[in-house]
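Below you'll find only one chain, the form predicted on its own, shown as structure tokens.
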């Protein structure tokens, strides 16, 4: 059992490749054993993601429809009004989400941008939800300002291995990403950091990406594993579809090398069968994005998710801080129907 609970920061790429190379059933057994030793089982944390500023990003990330460099038919939008964020967050909460994530297509936010997002964070926190933001590169001062506003998580993915990174992005370096992660961690924020599978990388690249994450001074609290959404107009639109078992293996290995982290089944779920998603949960995924859209790409709708989780006997995972906030909320006014719960759970931009 001690080995199942062991948190390491000295993984070699060769060791992680050896995990990938195991027979599939052996890998799944190991991943599920680690999962049960470290995480609530049969429970999934649900987040909802809102694009608060869409398009016109100056970066050249080859997977991203929000890059100004690619013609993807995406309409540019300015920063959404505060009232809309509040409305969307309340709707997400009423649908069962416990964390509200806000994404903006910036290389890095300006001072006025951080101030605007800070106001959004305060509104969402007032609803009793966890907050997450992904706004591009941050300075230490910006990270502290967001923390002071009440931000819980900051998402900034490494995307892929250091070795393959230059094939996907040239407008910022791998070290730029690591520097933002360090600023976020130093500010006392929870780190949300993962990558994308299916961009033409090798299995060694996937192992190297996971080694990068697992060997950070502290493991990310949340590790999103995205399946590439091949958006027409982007350089990766014609990329070969990733083998489903290779994707599940990535989830399983992430669970083994980062046992205490939440592993999020993230972008690409819209095209996944219920059976594939179920294998991902078995492999150790215990967080999903819940709602109709991930920034600019599709996501399974709420009713499909409700039905799948019910069939699998998976309950919504409510973080302790959220549970405490909900317990202290006043009862609903007379005549107002309570929020609809998860039904019968007891019986692109990549993120």
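Numbering follows the first chain given and starts at 1. Computed from a prediction, not measured in an experiment: that's the story for all the values here.
One more form of this protein exists, namely the form predicted in complex with a small molecule; it is left out here, but the text below deals with it.
Exercise for review: Using heavy atoms and a 4.5 Å cut-off, decide whether 47, 100 and 124 all contact the small molecule in the predicted complex.
Suggested key: Zero of three within 4.5 Å in the predicted complex.
Review point. Okay, which stretch from 274 to 282, 254 to 262, 88 to 96, 226 to 234 lines the small molecule in the predicted complex, with non-hydrogen atoms inside 4.5 Å?
Key: Among the candidates, contact is made by 226 to 234.
Practice item. Report whether the minimum heavy atom distance between residue 31 and the small molecule in the predicted complex is within 4.5 Å. Key: No, residue 31 is distant from the partner.
Check your understanding: Can residue 155 be called a contact residue for the small molecule in the predicted complex at 4.5 Å between heavy atoms?
Key -> Residue 155: contacts the small molecule in the predicted complex.
Review point. Is residue 63 close enough to the small molecule in the predicted complex to count, meaning some heavy atom within 4.5 Å?
Key: Looking in the predicted complex, residue contacts with the small molecule include residue 63, since a heavy atom lies within 4.5 Å.
Point to revise | Partner contact for residue 129 in the predicted complex: the small molecule, 4.5 angstroms, heavy atom | key: It does not: once the small molecule is placed as it appears in the predicted complex, residue 129 has no heavy atom within 4.5 Å of it.
**Study point:** Contact residue in the predicted complex, chosen from 196, 181, 210, 117 - any heavy atom within 4.5 Å of the small molecule
**Key:** Going through each option in turn, the one that passes is 196.
Review point. Within 4.5 Å of the small molecule in the predicted complex, heavy atoms considered, which of 191, 138, 104, 248?
Key: Here the answer is residue option 104.
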